[in-house]
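So this first bit is one chain, no partners, the form predicted alone, shown in structure tokens.
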Amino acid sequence: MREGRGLAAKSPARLRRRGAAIGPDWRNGLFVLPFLLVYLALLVYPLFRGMWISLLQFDMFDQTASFAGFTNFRRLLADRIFLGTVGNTVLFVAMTVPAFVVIGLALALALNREGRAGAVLRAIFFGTSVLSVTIVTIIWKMMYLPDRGLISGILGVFGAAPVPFLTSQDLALPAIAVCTVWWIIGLPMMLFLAALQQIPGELYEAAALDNASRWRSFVSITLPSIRRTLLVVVIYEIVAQFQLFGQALLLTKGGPNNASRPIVLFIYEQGFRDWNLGYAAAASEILFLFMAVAAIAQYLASRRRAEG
């Protein structure tokens, strides 16, 4: 009783001072300060530093730099090799992103079931995603060998001639796209699986009572329920596939005749082979612009459809 009377005698303002603070307090920012510092040091500073370097003419041998304005950007717009890498990268994104969405969703629908077989198949399909790019390219280089490769062997059974996938200007980039889809398809599949398992079963039961077909249930229930995951997969894959590098470097080295050279490989060669840092930074800023525009356009289009 004495303790209760003591607490009652204390004013509410005094109790608030002794207890946990409620509402905004600048001291709460101390919890996020370490993460904010890391974010600024590793993301924001390199972003603006790269923008500044793209405006400079670097001489790595003399360790000097001079302000060049937009000279590097004007050179890029007149560089046929760079323009070719832009076309290769956009074409690669156009080949792989729809494949990730369609094949990933089809696999998720097929494997969205209980049982040991479904779990084993999910593990097999997702297992390729954890392989390194080196292992993946070795596997597919053996597959694409025109004389002893698995694909040529299968074609030989039907009497077809070997196909030079990696040395043909028309087939090199599609061959890299097939390799990439095989490698990455497990991640979109798992994202779609997680979204499908969040859909209440009662919706499908109600559709069955109304004699709705599977296609009707897919269009009216499944697709609207997973539209946010669909948007995440599309945006993520657009941003990721614009950064094509390892597969092109290890499978074709950008050839033949620059037919499979992506933007990132061009940036790597300019920056770390030719030591032309200002030129490489300008190319990287253009790549950043492409990725930002594609992601924003996709987001706005999906948001407009959702609101409509």
Partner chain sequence: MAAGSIVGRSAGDRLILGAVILLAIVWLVPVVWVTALSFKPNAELMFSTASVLHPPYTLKNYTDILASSGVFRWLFNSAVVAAGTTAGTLVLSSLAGYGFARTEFPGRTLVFVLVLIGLAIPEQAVIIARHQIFSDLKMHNTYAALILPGLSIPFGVFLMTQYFKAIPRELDEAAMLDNASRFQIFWRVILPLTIPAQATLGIFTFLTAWNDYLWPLISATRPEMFTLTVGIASTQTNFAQSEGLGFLMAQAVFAGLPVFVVYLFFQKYIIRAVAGAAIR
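Numbering follows the first chain given and starts at 1. Note that the coordinates shown come from a computational prediction; the quantities given were computed from them, not determined experimentally. Whichever C-alpha set is largest while still superposing within 1.5 Å between the two forms counts as the rigid core.
What follows is about the form predicted in complex with its partner chain, which we do not show.
Among residues of the shown chain, Gly255 is not one whose heavy atoms approach its partner chain to within 4.5 Å in the model of the complex. At the 4.5 Å threshold, heavy atoms of Asp170 stay clear of its partner chain in the model of the complex, well away from it. A residue is said to contact a partner when one of its heavy atoms sits within 4.5 Å of a partner heavy atom; Gly149 meets this definition for its partner chain in the model of the complex. The closest heavy atom approach of Phe82 to its partner chain in the model of the complex falls outside 4.5 Å.
Residue in contact with its partner chain in the model of the complex (any heavy atom within 4.5 Å), chosen from Leu77, Leu223, Met142, Val102: Met142. Proximity to its partner chain in the model of the complex holds for none of Phe73, Met95 and Ala259, with the criterion being a heavy atom within 4.5 Å. Annotation for 28-45: interface residues with its partner chain in the model of the complex are Asn28, Gly29, Phe31, Val32, Pro34, Phe35, Leu36, Val38, Tyr39, Leu40, Ala41, Leu42, Leu43, Tyr45 [heavy atom within 4.5 Å]. Once the cores line up, the CA of Ile286 ends up less than 2 angstroms apart between the shown form and the other one.
In the core-superposed comparison between the shown form and the other one, the C-alpha atom of Pro34 has shifted by at least 2 angstroms.
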